[in-house]
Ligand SMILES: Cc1ncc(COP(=O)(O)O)c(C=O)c1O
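Consider the single chain below, provided in structure tokens and representing the form predicted on its own.
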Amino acid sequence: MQPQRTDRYAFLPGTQRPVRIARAEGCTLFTPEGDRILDAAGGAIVANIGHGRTEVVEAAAAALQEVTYAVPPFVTEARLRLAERLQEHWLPDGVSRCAFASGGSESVDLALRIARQHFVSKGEPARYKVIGRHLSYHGTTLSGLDVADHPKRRPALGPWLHDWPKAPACYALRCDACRTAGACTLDCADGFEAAIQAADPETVAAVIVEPIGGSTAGALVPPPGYLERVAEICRRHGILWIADEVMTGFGRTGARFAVDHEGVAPDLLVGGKGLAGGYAPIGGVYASEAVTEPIAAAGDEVMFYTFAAHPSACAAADKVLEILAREALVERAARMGEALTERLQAELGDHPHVAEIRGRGLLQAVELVQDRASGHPFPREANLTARVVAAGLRNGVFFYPGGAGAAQDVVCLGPPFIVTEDELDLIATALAKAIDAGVARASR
């Protein structure tokens, strides 16, 4: 007799949730009982073209029939088509070289290794440190956690991680420098200069930045000029700049990539979630010729992952990118993002427990506090964000839990770009109800 299936069966702690999903279509998830859940988070801010697109499934299946598997250095038609589409239609000017991985975490790890290999190949082996920011997240690999500052996910692994200096987060809500000056000072960007000096500039290989913060603090949007200031600091010290766009890339913020909002191209660009929109596990690293040329000239190479650029994943990603362009969904993400912001402001702008509504395009976040005037948070043991997400599910809407450190309780939104006006109405009203329900339970 087969073991009884339970929510705990065969899974590690924390890797499963007591919600069963039987199928998905558009912006909606369906349980085995037929209950509908509006996917206001796009899963983990992944789904961009919506669920259930048959043509993506067919493209992936056709690629599998042609080539089930080929070692990543070999060229398959699916790999070649995807790389060409990226180079011709998606990547920022000056960023042209492609390498693929099986997801965002692997892609960040690959970008860090490329940065290190760049300097080793140039004959500068002393450069190995990577400077990140506070309230940042760069995936679940040890290297990604090493360069990030996620207060919930680093501590248990502390003995394996470095304690390199960090720059401050772009966190206007709690920025003392800007509050004192009465306007943005770009002090957060200049913090990279201080961190680089503290680490010894001659030992620093790269700086890594989420151009718009992900779910760690919740859609932190930098002030105008921030990315250019960071790029200038890196150029002055001969340091590579890595833009981590695993969450923001491929249209999520209403532009192809978040760096496009400022027109600044990084040395290394990382993209993951939106590349295949949840239809396949794939991510990528995109580099300038200046980054890869020393590696090629020295006859060196970058190690690959076994399942990187899997033919079916490449075919799925290629079809997703085709759909994004054909249906002008990046532009739609910009429009619907503005509409979502308006609805959130209407429902929650004066809410006594909402500190801030922020974001860009269809990456939005709401930060929750116990007291709006002081910004004082709820006690950690209240588990407010989890309560709000649970209340949303009870009302048929899934929100993504975020928050860490000073930004303790954050609810993130990232619906598919095909989200409708009526669905935006439901998202906003359901979130308001979920916050009230979560606060009521947390206050008992």
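Start at 1 with the first residue shown and count on from there. As the structure is a computational prediction, the values presented were derived from the model and not from experiment.
Another form exists, predicted together with the ligand; not displayed. Remarks below refer to it.
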Select from the listed residues 319, 252, 133, 273 the one whose heavy atoms reach within 4.5 Å of the ligand in the predicted complex.
-> 273
Residue among 105, 370, 117, 288 with a heavy atom within 4.5 Å of the ligand in the predicted complex = 105
Interface segment, criterion being heavy atoms within 4.5 Å of the ligand in the predicted complex, picked from 171-179, 96-104, 296-304, 323-331 = 96-104
Answer for residue 192 alone: is it within 4.5 Å of the ligand in the predicted complex, judged on heavy atom distances?
-> no
Are any of the heavy atoms in residue 268 no more than 4.5 Å from a heavy atom of the ligand in the predicted complex?
-> no
Is there a heavy atom of residue 137 lying 4.5 Å or less from a heavy atom of the ligand in the predicted complex?
-> yes
The ligand contact at residue 247 in the predicted complex, heavy atom, 4.5 Å = yes
